[in-house]
Each structure stands twice: as structure tokens, then as C-alpha cells.
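Listed next as C-alpha cells is one chain, alone, in the form predicted alone.
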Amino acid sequence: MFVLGLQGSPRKKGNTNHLLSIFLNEAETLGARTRTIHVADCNIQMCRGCMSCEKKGLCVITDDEMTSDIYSLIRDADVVVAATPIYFYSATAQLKALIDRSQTLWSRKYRFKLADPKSKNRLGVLLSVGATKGENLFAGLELTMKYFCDAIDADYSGNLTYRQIEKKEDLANSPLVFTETRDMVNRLLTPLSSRKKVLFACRENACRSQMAAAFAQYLGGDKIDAFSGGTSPANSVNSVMAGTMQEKGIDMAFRKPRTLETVISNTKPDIIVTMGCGEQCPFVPGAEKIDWDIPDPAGKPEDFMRHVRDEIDQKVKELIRKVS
């Protein structure tokens, strides 16, 4: 389980960061892997409103951290937590720039009719603090967050918002904050933490293991926490594979090949599924080993890739039935 925190405050040691840290620390007690993006430190260019993503499915901006890193992190996340102070009844400009650039993900979902593999189980959470006590202090921000969650394929699962928080110690001195945050984390994340952790392994982590993980996430994400990795990862996923998965309505954009060692260092799998290509997986005590004898489709005709895709689809369905 991966929880991504979007820290939208320019102040790294302020109330917003404190609230997000409480949430992520509680998530880690349930076994979650977490990461915080301090948005104000990132190179995120503003959306240009050029509509290129609605025509081509990708943002025309290619030289900032949204393209190089953040899109992939959002797609990898099981829970996205947006944290921001109130600036004029909305998010900070830094976080709003990130939200605006999620139009690319909106376009892939609605214009291209593609489903993010984790779309059925991803959760979105809002954390916010404001200095005043107005009744509608968080109303505009909540509406923005709901549309952001829709764009990134996350179910908006609630918020923790606190009024009259201005001084640095205001939030830290409130015991209610710890209790409410712990309760929210346990309510939302406990079902995700109980899933079987399954690692799909091959050499390049560019075709077979990527398809297997994507099918497992899309078809059985409520039962399986799926990962993939390779012994010698390629620089990017196979474009032919991504095209054949699109034929099934599954979006493979922004997925990155990883080493098996990196994946295992972050999460201990319960099951390791190899693709039958003789890869040497690191030994994981207690993990069940399953070998699927699936031919490597790299460099083969597109029809061959489709055959492999369909075979993996069936094997993943069988695996889901086994762990259910």
C-alpha cells in the first residue's frame, strides 16, 4: 500500500505539514509505504490551457516534475492525501498548479475512455487548516478536491479540516487532531492493508509483469496489492504492450520499470509470480513462489502480444479466485 502526501504549504514546518505528518505516520503503522511531495519545492509549470492533452492524451509540457515524476507517483498511489492551508478560500497556488495539470489524467479518462488500473480502489483525502472561523471557509476547497479526485481516479473519502489555526503551535496543542487523524487512517486504510501482496517478476519489467500487475490491480485491487519488477529493468514500458492494453480499456501510461530489489525493499510480498523466463528473484522468507510459463512477446508481432495479454488476463483471474 502506497500513500502519497501532497504537502501544499510553502511552510515546511507549519501546521499543514504537521497535520500531514500525523496522517502519514499513522499510515506507516499499518504497513504503508509513504512519500511526501513538498509541492512548493517542485518545478511544476502552470497549465497552458492548450487542450493538447485532450487531443493527444499527454501534456505538451515535458520538462518539469509533473511529467518526469508526479504523474507516475499519483498513478502508483493507493491513497492520495492533499494537504493545504486556506488561501482565499482555496488551495495554495503551488498545489493548485499541480491540480490543474491533472487535466492530462482527466483527458485520458474521459476523452480517451481509458481506466487507470488502480481506479477502482484508490482513495483521496483532504487535510486543511484555516486561520478564520467562517462557516464556508473550506467549501470552495472541498469542491476543488472532489473534482481533483475525479480526475486522478480516486474516491473522495473525506476530510479533516480545522478552523482558527494560525500560530505554529495551535495544531500541535490539540489532542483532538491526533485522535481524529488516527481514526480516519484506520477506517480508510485497514481494508487496504489486509490485501495479499503479490509481486509479478520478469527480466525487463516492460511487458508481461507490467500487464499482470495492471490486471491484478484493475480486476482484484480489493483483494490483491500488486507490484511488478525486473532483474534488468528497461528504460520504459513496451509501447506495443501499452497499445494492446488500451484495447482492453486499461491505461498503462506513466508506469515505470523497477528493479525487483527496489520493490522488495519497500514491500515484502506474500506471493511472487515469475513469468517463466528464468529470472533469479531475491529470496523472500515466507513468500509463496508461482511460475507462469509465458513466452516473451518483446519484438514479436502485435497479435502475439495480444495472445500473451489474454493469457495473462486469465491467469490473473485464476490467481484472484485463489486468494479470495
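Just so it is clear, the structure is predicted and the values come from calculations on it, not from any experiment. Sequential numbering from 1, following the sequence displayed.
In what follows, reference is made to the form predicted together with a small molecule, a form of this protein that is not presented.
Enquirer: Please run the contact check for R11 against the small molecule in the predicted complex: heavy atoms, 4.5 angstroms, yes or no?
Expert: Yes, R11 lies within 4.5 Å of the small molecule in the predicted complex.
Enquirer: Spell out, yes or no, whether the shortest heavy atom distance between A131 and the small molecule in the predicted complex is within 4.5 Å.
Expert: Result yes; A131 sits at the interface with the small molecule in the predicted complex.
Enquirer: Can you work out whether P85 and the small molecule are in contact in the predicted complex, taking contact to mean some heavy atom pair no more than 4.5 Å apart?
Expert: Judged by the heavy-atom cut-off of 4.5 Å, P85 is in contact with the small molecule in the predicted complex.
Enquirer: Is D155 close to the small molecule in the predicted complex, meaning a heavy atom pair under 4.5 Å apart or at it?
Expert: Looking in the predicted complex, residue contacts with the small molecule do not include D155, since no heavy atom lies within 4.5 Å.
Enquirer: Picking from 219 to 227, 74 to 82, 235 to 243, 131 to 139, which part of the chain touches the small molecule in the predicted complex when contact means heavy atoms within 4.5 Å?
Expert: Heavy atoms within 4.5 Å of the small molecule in the predicted complex occur in 131 to 139.
Enquirer: Pick from A213, I165, I99, L127: which has a non-hydrogen atom within 4.5 Å of the small molecule in the predicted complex?
Expert: Contact residue from the list: I165.
Enquirer: Between F112, W106, Y89, F254, only one gets a heavy atom within 4.5 angstroms of the small molecule in the predicted complex; which residue is that?
Expert: Spelling it out, the residue with a heavy atom inside the cut-off is Y89.
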